[in-house]
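Just so you know, structure 1 and structure 2 below are the same protein chain in two forms, each on its own as structure tokens.
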Structure 1
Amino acid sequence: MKKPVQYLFYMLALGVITTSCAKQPATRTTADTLPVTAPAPTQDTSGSARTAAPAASVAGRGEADSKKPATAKFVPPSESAIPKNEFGESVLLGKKIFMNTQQYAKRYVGNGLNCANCHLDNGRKTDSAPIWAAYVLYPAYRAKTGQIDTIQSRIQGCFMYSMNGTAPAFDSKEMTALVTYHYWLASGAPTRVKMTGQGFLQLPKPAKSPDLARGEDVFKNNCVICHGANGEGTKAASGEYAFPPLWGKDSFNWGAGMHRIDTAAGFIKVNMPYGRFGTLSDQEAWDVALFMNSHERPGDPRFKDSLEATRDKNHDENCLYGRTPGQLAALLEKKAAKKAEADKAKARESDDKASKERTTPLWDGYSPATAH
């Protein structure tokens, strides 16, 4: 039984080699002039040609290139493909924890949120820090902390700040299941490649500085029906939040990535108002992000000595932690100028590289994290 199958395989392989050889002379002349956006097929030892580079954008450290077209879209495996074995059981438990953290990892959670409230479609949705794109970028070095971030430490961070709770140990049942779920979602993804849709969308700086009064209007007209007049969320009859709280004791704390105005603006632009995705203007997204993040929420667990000291140590970021909206506006202005400069430099650099570079460069090993 085995012999004929092997024979068949050889013949097929030969077929591939001969046909690709036969075609080569015809295509060779044009191959050299192919544009970089369509990488030339790279020959691989098995004799078959790898057709397209994985869904990756050529991007610098921590920069989401929203303008660059994706070469191909990465599709995480469907639920029905979870193996029916012990590994699959761990994947499933991880998914349950991710969807319903309140129930399945209760002892580590200090607010009313679930992982999937911010990482939509159970960690699959692009531009909502999808888990499949995160998994392949770690371990990565973070200059600010002088440490290597791992996927586990990133998950711990979301527990401590986004979930206002405590970090599950690396070898805890919950961490193991979550990492297994992350790993499984990234099935077939290339490692150390920044894929299109990784992280949250980076919205360009708005024309006008974000404004609290305008933000309040946006909030009243677009968010109250689900998140409540005081951002307190809305519970279903079961007692669980159907619509999660945006501020107050049951929301993310002052150390969470979502407390940054830029991160929140990008999240809101893509995902809110829920069901009418992408209908807010960039300006409205920034305004309402500022309004949302100007309210009370659980404190930054890193607090030490004073608000100013904690801010200076941990919040060199775009937020209202110990800062007025005016001071924030000035910081945004500065950041935008710096980014324009960097973009120019990058454009020059990629012009230089364009003629040489065919394959997707590997991730530079710096953590894409901007918070916690």
Structure 2
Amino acid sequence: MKKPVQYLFYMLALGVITTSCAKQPATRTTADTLPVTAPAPTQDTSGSARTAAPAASVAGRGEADSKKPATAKFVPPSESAIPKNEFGESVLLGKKIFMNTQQYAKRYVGNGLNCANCHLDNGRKTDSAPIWAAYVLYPAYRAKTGQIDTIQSRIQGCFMYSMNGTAPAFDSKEMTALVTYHYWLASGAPTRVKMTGQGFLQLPKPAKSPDLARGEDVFKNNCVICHGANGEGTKAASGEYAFPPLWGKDSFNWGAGMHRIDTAAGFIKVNMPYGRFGTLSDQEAWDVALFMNSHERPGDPRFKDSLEATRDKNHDENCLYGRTPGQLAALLEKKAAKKAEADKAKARESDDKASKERTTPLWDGYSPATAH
């Protein structure tokens, strides 16, 4: 009698175990259960590093998202979020230097400009070379220097060329503050991503070649009120410039990025005339950029041997350094023809490769690559 009872007990226990297992939820291989890559640290308002919420970089989905241009518009933190501690003090000093370089970094400046003259809204404005978009792209190789530049060496270049001055040392208080300000404005931004609004707008090639006479008319009708009849700028009661000089001894030198016609045209199209942004046509932006950059300004610090030698080494670009507008037009036409020929050659090479792939015979159902 004992054996039947024991047998019945074992059967009941086995049934309970089987039922419990059957009711366990099945493991789902969805985005909720797949591993997520560790997010990059961002800056919180206390100045210490924190971990951001995981991005949509789930394994098997969006693996290469960090290499793609950002689709969402980045918004830097508001100034009210600057922390009230030592880190925040450095951020504020960097902002002061950026806004009023003449006062807070005068020993490194050789003209009448401030950082904020080109990087509008204290380095925040899109298509005005916002510094939050620049910070995340460095270190990077630059053809201008022929080396890997850090954000520090990039800032040094701004002082040498745009400010026509001298480069602050990497460990100077001014450099530390400026880098801290860059870093803070880029809080939460993805690294190694060219974000929307980075740099200056790249205008398409104009319908007509830029013209000095047309550019002078645009200048007289739109720019004189702020920048003066001779591009000399307008000074405030303090003696500092309320509106910066566009050429002459107090403007950027021939090594600054703004001396390039295409760079200046992109900046002008989006950001000028002040208070009437975007009212100029593309053609007017090109014409007035040519006119502005046809005037004399401080020399290129890279000058060596002769104007022609310096031009050939450092100015194979859309600029009037050591050349007339006519010579520039001829140079650009030559470069365009060379590029078109290179594009044709590349297309022919691609077509030839595709043709060979289509005509390659198969042996026994295998391609030559797998047959070997």
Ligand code: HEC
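When a residue number appears, read it as a position in the sequence of structure 1, where counting begins at 1. These numbers were taken from a predicted model, which means no experiment stands behind them. Definition used throughout: the rigid core is the maximal C-alpha set that superposes within 1.5 Å between two forms.
The form predicted together with the named molecule is structure 1, not structure 2.
With the core held fixed, the Cα of residue 331 is displaced between structure 1 and structure 2 by 2 Å or more. Relative to the superposed core, residue 308 undergoes a C-alpha shift smaller than 2 Å between structure 1 and structure 2. For residue 340, the CA shift between structure 1 and structure 2 after superposing the rigid core equals 7.8 Å.
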